[in-house]
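Starting off, we have a lone chain in the form predicted on its own, written out as structure tokens.
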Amino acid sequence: MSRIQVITIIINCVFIGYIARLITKGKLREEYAIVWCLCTFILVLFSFWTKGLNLMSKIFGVFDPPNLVFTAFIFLILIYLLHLSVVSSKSQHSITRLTQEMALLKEKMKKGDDAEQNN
């Protein structure tokens, strides 16, 4: 086993521990942690199974196997960022709607109080 494999495995184990800590503290939801755990598992898998990475690079026609890893993960990160943008947009829409409803309720309460004071 080469040095870079050992370093990669150690870094991935630390990263998994960090993800687990974020989940237990409630700072990261489980649905988002699954993606990070899956990506880390793939990196650990190819750290142990370097022939598999060579085989995958030949299948996809990539000359250098590390380039396949970088290209695949850049593509996955872009897809994940798009997903997070959709989630953020939905949340922003919900917040706007709730704020508008709250403003309307405040206005109704204020009119009700004014009508009560006049009587």
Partner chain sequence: MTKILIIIPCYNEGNSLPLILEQLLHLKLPAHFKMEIAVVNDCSKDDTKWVASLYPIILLDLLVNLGIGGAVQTGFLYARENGFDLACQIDGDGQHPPWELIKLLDFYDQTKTNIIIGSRFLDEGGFKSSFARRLGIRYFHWLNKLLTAKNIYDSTSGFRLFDKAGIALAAEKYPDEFPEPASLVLFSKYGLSIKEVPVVMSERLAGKSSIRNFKSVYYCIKVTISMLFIFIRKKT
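Positions refer to the first chain, counted from 1. What you see is a predicted model, and the numbers here were worked out from it, not measured in a lab.
The following text describes the form predicted together with the partner chain, which does not appear among the structures shown.
J.: Note which of Met109, Met102, Ala20, Ile10 lies within 4.5 Å of the partner chain in the model of the complex, where distance is taken over heavy atoms; exactly one does.
T.: Contact with the partner chain in the model of the complex is made by Met102 alone.
J.: Should Val14 be classed as touching the partner chain in the model of the complex when contacts are defined as heavy atoms within 4.5 Å?
T.: Val14: no, not in contact with the partner chain in the model of the complex.
J.: Any of the heavy atoms of Thr96 lying within 4.5 Å of the partner chain in the model of the complex?
T.: Because a heavy atom of Thr96 falls inside 4.5 Å of the partner chain in the model of the complex, the answer is yes.
J.: Since the chain is shown here on its own, which stretch among 40-48, 23-31, 53-61, 88-96 would lie within 4.5 Å of the partner chain in the model of the complex, judged by heavy atoms?
T.: Of the options, only 88-96 has residues within 4.5 Å of the partner.
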